[in-house]
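What follows are structure tokens for two forms of the same protein chain, given separately as structure 1 and structure 2.
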Structure 1
């Protein structure tokens, strides 16, 4: 019969339409704008509409989600200590070449100082590959989870825009942060043990 496929397709739409209201009644107003409701609509048990009501609702991103890089700094008693030494490895490995670094110089001697005077990332060129974070030997550059950066113009981030505390990184990537902290601690302990052994040998 002609039109059978159209009627079948409309039937699926009608079923979804009815199931939406049935599911809404079951959840008694808790189906939208709650973490439980969002998890339910994302599961295989969802019936009816399962569209995320963005921007009021947002799907949680996985820990390994990658977006625009940011620079990590440690909060110490002396002040904020940026991890970046402006070595330039991230700029070298960046496939689209969207990272520009200006190294700090000592005003008296003119010699380079291991800290960036300026650090720029062009977000419109960045492909979010994460190679800069992967190759950084100081764990100074990491991939962010903040994907809401739409703008009407070109998006270029400077040093102040890119800096975020280590506590923020620990919050968005707890597993990775714990692994890195354990490795850093083991390295410091090995270094301290080596120094102690050297001091003991010199004392003999």
Structure 2
């Protein structure tokens, strides 16, 4: 019969249409604006209305999500200590070359000091690839999760804008942070053990 295929297709749309009500009823009151409702709508069992009601509810971003990079600083008793040593690996590895770093040098000796005097990221060039954070040996530059940065002008980030505390980093990337913390701790312990061994040797 001519038109059977069309009817079959329309059956599919009808089923989908009915499904939206069935699913709404099943999840009565909990389907929207709740975390489990949102998880359901983005799971393999999702049926019915698929929409995420941004900005009222936001799709949680996964830990690995990357947007624009930021610089991590540790909050210590002596004040904020930036992890960046301005070694320049991120600037070298950056594919579109959007990272500019000015190295600090000691005004007296003229020798380089391990902290950046200036650090600029041109967000209008950055391709969010994450290579800078992947190859940073000091865990100093990391990819941010904050994507709500639309503005009325071009965006260039300076050192001040890029600095964010280590606690923020631990919050957005808990798993990565714990792995890195453990690695750093192991490294420090090994260093301490070595120093102790050396001290013991010297004492002998």
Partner chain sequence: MENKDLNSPGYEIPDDMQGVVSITTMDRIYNWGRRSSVWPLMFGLACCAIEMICTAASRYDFSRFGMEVMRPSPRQADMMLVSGTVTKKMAPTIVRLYNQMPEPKYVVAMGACASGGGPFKEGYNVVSGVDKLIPVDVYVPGCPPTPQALINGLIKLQELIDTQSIKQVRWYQKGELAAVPIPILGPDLIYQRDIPAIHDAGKEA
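As the structure is a prediction and not an experimental result, all values here were calculated from the model. Residue numbers count along the first chain shown, from 1. Take the two forms, superpose them, and find the largest set of C-alpha atoms that agree within 1.5 Å; that set is the rigid core.
Participant: Just checking, which of these two is the form predicted on its own?
Facilitator: That would be structure 1, which is the form predicted on its own.
Participant: How about residue 28 - superposed on the rigid core, does its CA move between the two structures by 2 Å or more?
Facilitator: Result for residue 28: yes, a 2 Å-plus shift.
Participant: When the rigid core is used for the superposition, does residue 195 move between the two structures (threshold: C-alpha shift of 2 Å or more)?
Facilitator: Moves: no, less than 2 Å.
Participant: Would the C-alpha of residue 109 be classed as shifted by 2 Å or more between the two structures after rigid-core alignment?
Facilitator: Yes, because once the rigid core is superposed, the C-alpha of residue 109 moves 2 Å or more between the two structures.
Participant: If I align on the rigid core, how far apart are the two C-alpha positions of residue 10 between the two structures? Answer in Å.
Facilitator: The alpha-carbon displacement, core-superposed, is 6.6 Å.
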